[in-house]
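Quick heads-up: it's one chain on its own, the form predicted on its own, in structure tokens.
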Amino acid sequence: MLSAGLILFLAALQGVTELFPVSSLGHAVVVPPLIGLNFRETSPAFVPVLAVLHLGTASALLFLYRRDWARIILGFFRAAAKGRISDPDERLAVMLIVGTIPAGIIGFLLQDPLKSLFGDPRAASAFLIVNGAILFAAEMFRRRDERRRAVGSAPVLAHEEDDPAYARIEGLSLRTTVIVGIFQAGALLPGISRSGITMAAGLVAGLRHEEAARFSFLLATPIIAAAGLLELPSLGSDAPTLGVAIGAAVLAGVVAYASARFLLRYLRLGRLDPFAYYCAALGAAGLVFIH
């Protein structure tokens, strides 16, 4: 069984890194051995404990976007009742369903070989470097696109003045949403960030940084919640006590909420480059110092 102190440490680490584009799973696999914490990532309780922490993160996202989710859920039922899509809320509800399917299918079919990577810090370190390269490449593409747009004039989409991020997101095509959803499946690898890879895909699709983050968070919420719920039965005899589990989930949720608010403010003007350099540095450190 993992100790209560270690679980709370993982909860704080999860809260900080789940929504930043730096891979919470990669950090959970790489950071403990890098700083000398003595525990086995191959422990049967490791993945289920992370799942408990995911429930806290999912709760933070649901609270952060509670108004959006109320509109999305109502939009889904309206679209289902009518059999067609007629407003932005209904369209976004369908987009989130379509975008969630690829990661769900891939995760279900490949869960055993993917879980085997969770006990390999060196593999996670290598994937962290890949994650940094993905973020950097997306920023390079975005800068080139911004220079191209500066030459001409970009169209203003409907409702942009009322809610810029929401309007731009719902304007994405379903084909683009499927592509972003497939990218999200890459986060099943330790070291590849779910938020990072979907933000990168959003930037390539033409979203601004804050919009890409918002779409990433909305798209990630069902996957994060489902992953947590599905792994709970696997805790078994290695389960933490109820108090530790609740405390860890709450800690992960509170830290995740604060991290998400910070990131959304940062991305109004900032870019993903610092996160790309950080992932590359952490991955390189893992490859050098973990044996």
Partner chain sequence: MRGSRPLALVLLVLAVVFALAAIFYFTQKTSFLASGRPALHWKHAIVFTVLTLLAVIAANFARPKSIKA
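Residue numbers count along the first chain shown, from 1. Model, not experiment: these values are computed from the prediction.
Beyond what is shown, the protein has a form predicted together with its partner chain; the following relates to that form.
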> So in the predicted complex, are 34, 211 and 218 all sitting within 4.5 Å of its partner chain, heavy atoms only?
Replying inline: no
> Taking heavy atoms and a 4.5 Å cut-off, does residue 233 contact its partner chain in the predicted complex?
Replying inline: yes
> Using heavy atoms and a 4.5 Å limit, would one call residue 80 a contact residue for its partner chain in the predicted complex?
Replying inline: yes
> Would residue 146 count as touching its partner chain in the predicted complex under a 4.5 Å heavy atom rule?
Replying inline: no
>> Can you tell me if residue 179 lies within 4.5 angstroms of its partner chain in the predicted complex, counting non-hydrogen atoms only?
In response: no
> Taking the partner as it appears in the predicted complex, which of 66-74, 223-231, 252-260, 49-57 has residues with heavy atoms within 4.5 Å of its partner chain?
Replying inline: 223-231
> Given that its partner chain is left out here, which of 204, 101, 130, 137 has a heavy atom within 4.5 Å of it in the predicted complex?
Replying inline: 101
